[in-house]
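Next up: a single chain in C-alpha coordinates, the form predicted on its own.
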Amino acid sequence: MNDMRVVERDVDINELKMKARDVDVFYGDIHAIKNVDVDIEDKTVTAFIGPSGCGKSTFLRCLNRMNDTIDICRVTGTITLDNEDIYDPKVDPVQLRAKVGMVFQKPNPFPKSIYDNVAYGPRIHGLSSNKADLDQIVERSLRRAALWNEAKDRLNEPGTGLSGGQQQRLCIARAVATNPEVLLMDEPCSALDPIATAQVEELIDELRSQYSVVIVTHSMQQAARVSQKTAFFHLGELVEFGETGHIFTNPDDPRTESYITGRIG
(Lines give C-alpha, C1' and ligand atoms only; values in the text may rest on other atoms or scores of the structure.)
Protein backbone atom coordinates (compact mmCIF):
# COMPACT_ATOMS: atom_id res chain seq x y z
CA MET A 1 0.00 0.00 0.00
CA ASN A 2 2.96 2.31 0.49
CA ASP A 3 4.13 1.90 -3.09
CA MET A 4 2.34 4.53 -5.16
CA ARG A 5 4.73 4.49 -8.13
CA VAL A 6 3.24 4.48 -11.61
CA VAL A 7 5.13 3.66 -14.78
CA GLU A 8 4.17 6.81 -16.70
CA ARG A 9 3.30 9.48 -14.18
CA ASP A 10 2.14 10.02 -10.63
CA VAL A 11 -1.60 9.67 -10.25
CA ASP A 12 -3.52 11.17 -7.36
CA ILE A 13 -4.83 8.34 -5.19
CA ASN A 14 -8.40 9.63 -5.51
CA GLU A 15 -8.33 9.07 -9.28
CA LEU A 16 -7.46 5.38 -8.96
CA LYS A 17 -10.25 2.82 -9.00
CA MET A 18 -8.13 -0.31 -8.97
CA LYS A 19 -4.45 -0.86 -8.34
CA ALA A 20 -2.33 -3.95 -8.97
CA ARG A 21 1.10 -4.37 -7.46
CA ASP A 22 3.60 -7.23 -7.93
CA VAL A 23 0.93 -9.55 -9.33
CA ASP A 24 2.06 -13.03 -10.34
CA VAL A 25 -0.19 -15.81 -11.63
CA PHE A 26 0.74 -19.50 -11.65
CA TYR A 27 -1.11 -22.39 -13.32
CA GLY A 28 0.49 -25.25 -11.42
CA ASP A 29 4.21 -24.89 -12.24
CA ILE A 30 3.61 -22.51 -15.16
CA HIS A 31 4.41 -18.86 -14.35
CA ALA A 32 1.80 -17.14 -16.54
CA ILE A 33 1.94 -13.53 -15.25
CA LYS A 34 5.14 -12.00 -13.89
CA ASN A 35 5.34 -9.07 -11.49
CA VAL A 36 2.65 -6.83 -13.03
CA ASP A 37 1.87 -3.31 -11.75
CA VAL A 38 -1.14 -1.53 -13.27
CA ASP A 39 -3.33 1.41 -12.22
CA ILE A 40 -6.95 1.49 -13.39
CA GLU A 41 -8.20 5.07 -13.26
CA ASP A 42 -11.79 6.03 -12.58
CA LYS A 43 -14.03 6.75 -15.60
CA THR A 44 -11.30 5.75 -18.04
CA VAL A 45 -11.07 3.03 -20.69
CA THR A 46 -7.90 0.97 -20.23
CA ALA A 47 -6.97 -1.43 -23.04
CA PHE A 48 -4.83 -4.55 -22.61
CA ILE A 49 -3.09 -5.49 -25.87
CA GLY A 50 -0.51 -8.09 -26.89
CA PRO A 51 -0.05 -11.31 -28.88
CA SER A 52 -2.26 -14.36 -28.24
CA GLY A 53 -1.22 -16.16 -25.07
CA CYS A 54 0.64 -13.16 -23.64
CA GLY A 55 -1.41 -13.11 -20.41
CA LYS A 56 -3.75 -10.18 -20.98
CA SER A 57 -6.97 -12.17 -20.43
CA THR A 58 -5.44 -14.04 -17.49
CA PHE A 59 -4.59 -10.73 -15.84
CA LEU A 60 -8.05 -9.33 -16.61
CA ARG A 61 -9.60 -12.30 -14.81
CA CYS A 62 -7.53 -11.45 -11.72
CA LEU A 63 -9.42 -8.17 -11.38
CA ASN A 64 -12.69 -9.89 -10.39
CA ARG A 65 -11.22 -13.16 -9.11
CA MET A 66 -12.52 -15.24 -12.00
CA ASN A 67 -9.29 -17.23 -11.71
CA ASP A 68 -10.62 -18.52 -8.36
CA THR A 69 -12.70 -20.96 -10.40
CA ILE A 70 -9.54 -22.68 -11.73
CA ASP A 71 -8.21 -25.17 -9.17
CA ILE A 72 -4.55 -25.04 -10.23
CA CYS A 73 -4.43 -21.26 -10.48
CA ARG A 74 -2.63 -19.23 -7.81
CA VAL A 75 -2.49 -15.43 -7.69
CA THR A 76 0.03 -13.51 -5.56
CA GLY A 77 0.62 -9.81 -5.04
CA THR A 78 -1.95 -7.13 -4.24
CA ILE A 79 -5.00 -5.92 -6.17
CA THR A 80 -7.19 -3.27 -4.60
CA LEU A 81 -10.57 -1.75 -5.43
CA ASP A 82 -11.02 1.64 -3.77
CA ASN A 83 -7.93 0.79 -1.65
CA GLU A 84 -9.47 -2.48 -0.34
CA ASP A 85 -7.64 -5.74 -1.08
CA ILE A 86 -9.99 -7.82 -3.26
CA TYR A 87 -8.13 -11.02 -2.28
CA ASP A 88 -8.68 -10.45 1.43
CA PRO A 89 -10.34 -13.62 2.84
CA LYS A 90 -13.20 -11.46 4.13
CA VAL A 91 -14.14 -10.38 0.57
CA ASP A 92 -17.00 -12.38 -0.95
CA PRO A 93 -16.13 -13.03 -4.62
CA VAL A 94 -19.83 -12.96 -5.57
CA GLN A 95 -20.24 -9.48 -4.10
CA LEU A 96 -16.96 -8.42 -5.72
CA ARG A 97 -18.26 -9.50 -9.15
CA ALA A 98 -21.33 -7.32 -8.64
CA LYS A 99 -18.93 -4.36 -8.30
CA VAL A 100 -16.55 -5.55 -11.04
CA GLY A 101 -18.76 -6.79 -13.88
CA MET A 102 -17.57 -8.91 -16.79
CA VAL A 103 -18.51 -9.20 -20.46
CA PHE A 104 -17.04 -12.17 -22.29
CA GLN A 105 -15.67 -12.74 -25.77
CA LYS A 106 -18.70 -14.65 -27.05
CA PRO A 107 -22.17 -13.29 -26.28
CA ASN A 108 -23.61 -15.64 -23.66
CA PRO A 109 -27.18 -14.63 -22.77
CA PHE A 110 -28.95 -16.93 -20.33
CA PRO A 111 -31.70 -19.15 -21.83
CA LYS A 112 -34.27 -16.78 -20.37
CA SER A 113 -36.28 -13.79 -21.54
CA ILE A 114 -34.56 -10.49 -22.29
CA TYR A 115 -36.15 -9.11 -19.13
CA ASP A 116 -34.96 -11.99 -16.94
CA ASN A 117 -31.42 -11.80 -18.35
CA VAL A 118 -31.10 -8.24 -17.07
CA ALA A 119 -33.11 -8.81 -13.86
CA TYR A 120 -31.07 -11.86 -12.79
CA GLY A 121 -28.24 -9.98 -11.04
CA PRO A 122 -30.41 -7.42 -9.23
CA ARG A 123 -32.64 -10.28 -8.00
CA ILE A 124 -29.82 -12.41 -6.54
CA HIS A 125 -28.12 -9.37 -4.98
CA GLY A 126 -31.39 -8.03 -3.51
CA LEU A 127 -31.14 -4.70 -5.33
CA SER A 128 -34.90 -4.36 -5.89
CA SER A 129 -37.69 -4.60 -3.36
CA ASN A 130 -40.61 -4.86 -5.78
CA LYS A 131 -41.57 -5.35 -9.43
CA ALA A 132 -41.66 -1.61 -10.14
CA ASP A 133 -38.06 -1.24 -8.89
CA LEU A 134 -36.98 -4.17 -11.02
CA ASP A 135 -38.75 -2.79 -14.09
CA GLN A 136 -36.87 0.48 -13.59
CA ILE A 137 -33.49 -1.28 -13.25
CA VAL A 138 -34.14 -3.35 -16.39
CA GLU A 139 -35.11 -0.29 -18.43
CA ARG A 140 -32.17 1.76 -17.16
CA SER A 141 -29.70 -1.05 -17.88
CA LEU A 142 -31.04 -1.64 -21.39
CA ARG A 143 -30.86 2.10 -22.06
CA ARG A 144 -27.24 2.19 -20.82
CA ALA A 145 -26.48 -0.68 -23.20
CA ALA A 146 -28.19 1.17 -26.09
CA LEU A 147 -30.66 -1.71 -26.47
CA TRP A 148 -33.90 -0.34 -25.01
CA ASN A 149 -35.46 0.87 -28.26
CA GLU A 150 -34.81 -2.47 -29.95
CA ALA A 151 -35.91 -4.61 -26.98
CA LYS A 152 -38.71 -2.72 -25.20
CA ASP A 153 -41.52 -4.44 -27.15
CA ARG A 154 -40.03 -7.93 -26.83
CA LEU A 155 -38.89 -8.10 -23.21
CA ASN A 156 -40.57 -11.48 -22.70
CA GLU A 157 -38.91 -13.05 -25.75
CA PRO A 158 -35.75 -15.17 -25.33
CA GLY A 159 -32.47 -13.26 -25.23
CA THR A 160 -31.02 -15.94 -27.49
CA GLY A 161 -33.37 -14.74 -30.26
CA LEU A 162 -31.47 -11.45 -30.63
CA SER A 163 -28.74 -10.89 -33.23
CA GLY A 164 -25.11 -11.38 -32.19
CA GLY A 165 -24.50 -7.66 -31.67
CA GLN A 166 -27.76 -7.29 -29.73
CA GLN A 167 -26.86 -10.31 -27.60
CA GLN A 168 -23.54 -8.72 -26.68
CA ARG A 169 -25.30 -5.47 -25.75
CA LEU A 170 -27.74 -7.57 -23.68
CA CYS A 171 -24.75 -9.07 -21.85
CA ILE A 172 -23.47 -5.53 -21.23
CA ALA A 173 -26.92 -4.57 -19.89
CA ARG A 174 -26.80 -7.63 -17.63
CA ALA A 175 -23.35 -6.60 -16.38
CA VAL A 176 -24.36 -3.00 -15.59
CA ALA A 177 -27.67 -4.01 -13.94
CA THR A 178 -25.91 -4.62 -10.60
CA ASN A 179 -24.59 -1.04 -10.76
CA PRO A 180 -20.91 -2.02 -10.91
CA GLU A 181 -18.01 0.37 -10.52
CA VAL A 182 -15.71 -1.39 -12.99
CA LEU A 183 -16.63 -3.16 -16.22
CA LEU A 184 -14.25 -5.78 -17.61
CA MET A 185 -14.56 -6.77 -21.28
CA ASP A 186 -12.64 -9.73 -22.69
CA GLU A 187 -12.44 -9.22 -26.48
CA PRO A 188 -16.13 -8.19 -26.56
CA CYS A 189 -16.21 -7.60 -30.32
CA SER A 190 -14.24 -10.57 -31.65
CA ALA A 191 -17.39 -12.54 -32.50
CA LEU A 192 -19.21 -9.55 -34.02
CA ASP A 193 -19.50 -8.12 -37.52
CA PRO A 194 -18.09 -4.64 -38.28
CA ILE A 195 -21.43 -2.83 -37.80
CA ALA A 196 -22.09 -4.48 -34.42
CA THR A 197 -18.45 -3.83 -33.45
CA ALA A 198 -18.86 -0.12 -34.18
CA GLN A 199 -22.04 -0.04 -32.04
CA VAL A 200 -20.28 -1.71 -29.10
CA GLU A 201 -17.25 0.60 -29.44
CA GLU A 202 -19.55 3.62 -29.36
CA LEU A 203 -21.24 2.15 -26.31
CA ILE A 204 -17.89 1.65 -24.54
CA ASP A 205 -17.14 5.34 -25.05
CA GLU A 206 -20.51 6.26 -23.50
CA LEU A 207 -20.08 3.85 -20.57
CA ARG A 208 -16.82 5.55 -19.63
CA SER A 209 -18.77 8.45 -18.12
CA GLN A 210 -20.14 6.10 -15.45
CA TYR A 211 -17.64 3.26 -15.07
CA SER A 212 -14.00 2.35 -15.23
CA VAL A 213 -13.79 0.11 -18.30
CA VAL A 214 -10.99 -2.39 -18.92
CA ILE A 215 -10.96 -4.05 -22.33
CA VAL A 216 -8.81 -6.87 -23.66
CA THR A 217 -8.58 -6.61 -27.43
CA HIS A 218 -6.58 -8.30 -30.16
CA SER A 219 -7.26 -5.25 -32.36
CA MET A 220 -4.74 -2.46 -31.96
CA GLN A 221 -7.04 -0.20 -34.00
CA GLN A 222 -9.81 -0.83 -31.49
CA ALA A 223 -7.52 -0.06 -28.56
CA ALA A 224 -6.48 3.19 -30.26
CA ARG A 225 -10.12 4.15 -30.89
CA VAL A 226 -11.71 3.42 -27.51
CA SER A 227 -9.05 3.68 -24.79
CA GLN A 228 -7.25 6.45 -22.95
CA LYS A 229 -4.70 4.11 -21.33
CA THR A 230 -3.02 1.06 -22.88
CA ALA A 231 -1.04 -1.78 -21.35
CA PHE A 232 1.10 -3.95 -23.63
CA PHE A 233 1.68 -7.52 -22.44
CA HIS A 234 4.25 -9.92 -23.89
CA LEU A 235 5.18 -13.40 -22.63
CA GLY A 236 3.40 -12.83 -19.32
CA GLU A 237 5.11 -9.51 -18.61
CA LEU A 238 3.71 -6.00 -18.67
CA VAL A 239 6.16 -4.40 -21.09
CA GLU A 240 4.72 -0.89 -21.14
CA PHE A 241 1.75 1.00 -19.71
CA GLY A 242 0.72 4.59 -20.34
CA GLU A 243 -1.35 7.06 -22.32
CA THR A 244 -2.76 5.36 -25.43
CA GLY A 245 -1.49 8.06 -27.78
CA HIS A 246 2.02 7.74 -26.38
CA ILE A 247 2.04 3.93 -26.58
CA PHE A 248 0.97 3.96 -30.23
CA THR A 249 3.02 6.88 -31.52
CA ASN A 250 6.13 7.02 -29.33
CA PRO A 251 6.53 3.84 -27.25
CA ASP A 252 9.41 3.66 -24.80
CA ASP A 253 10.16 -0.05 -25.23
CA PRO A 254 11.38 -1.51 -28.55
CA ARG A 255 9.18 -4.59 -27.99
CA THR A 256 6.10 -2.35 -27.98
CA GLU A 257 7.18 -0.73 -31.22
CA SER A 258 7.85 -4.14 -32.77
CA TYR A 259 4.36 -5.34 -31.86
CA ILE A 260 2.61 -2.20 -33.08
CA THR A 261 4.48 -2.25 -36.38
CA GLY A 262 3.74 -5.95 -36.87
CA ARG A 263 7.22 -7.36 -36.35
CA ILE A 264 6.16 -9.53 -33.39
CA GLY A 265 2.82 -11.13 -32.60
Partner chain sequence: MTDAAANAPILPRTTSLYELDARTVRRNRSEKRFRLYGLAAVMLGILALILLLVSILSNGASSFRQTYLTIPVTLSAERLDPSGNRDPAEMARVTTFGYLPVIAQSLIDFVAAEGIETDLNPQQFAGMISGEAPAQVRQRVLNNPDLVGQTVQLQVLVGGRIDGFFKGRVSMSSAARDSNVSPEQLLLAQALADNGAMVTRFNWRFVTAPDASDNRPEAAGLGVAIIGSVYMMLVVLFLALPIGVAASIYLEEFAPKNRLTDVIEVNISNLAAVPSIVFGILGLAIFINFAGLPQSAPIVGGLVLTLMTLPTIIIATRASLRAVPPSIRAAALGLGASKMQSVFHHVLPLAAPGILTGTIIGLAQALGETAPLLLIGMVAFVREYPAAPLEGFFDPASALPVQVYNWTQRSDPAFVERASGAIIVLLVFLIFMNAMAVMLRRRFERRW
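Positions refer to the first chain, counted from 1. This is a predicted model, so every value here is computed, not measured.
One more form of this protein, predicted in complex with its partner chain, exists but is not displayed; see below.
Enquirer: Work out which of the listed stretches, 190-198, 122-130, 149-157, 78-86, brings a heavy atom within 4.5 angstroms of its partner chain in the predicted bound form.
Expert: Contact-bearing stretch, as computed: 122-130.
Enquirer: Which residue among 134, 162, 73, 98 has a heavy atom within 4.5 angstroms of its partner chain in the predicted bound form?
Expert: Filtering the options by heavy-atom distance leaves 98.
Enquirer: Heavy atom within 4.5 Å of its partner chain in the predicted bound form: which of 142, 114, 175, 185 fits that? Just give me the one.
Expert: Answer to the contact question: 175.
Enquirer: Three residues, 66, 104 and 109; all within 4.5 Å of its partner chain in the predicted bound form via heavy atoms?
Expert: Yes: 66, 104 and 109 each sit within 4.5 Å of its partner chain in the predicted bound form.
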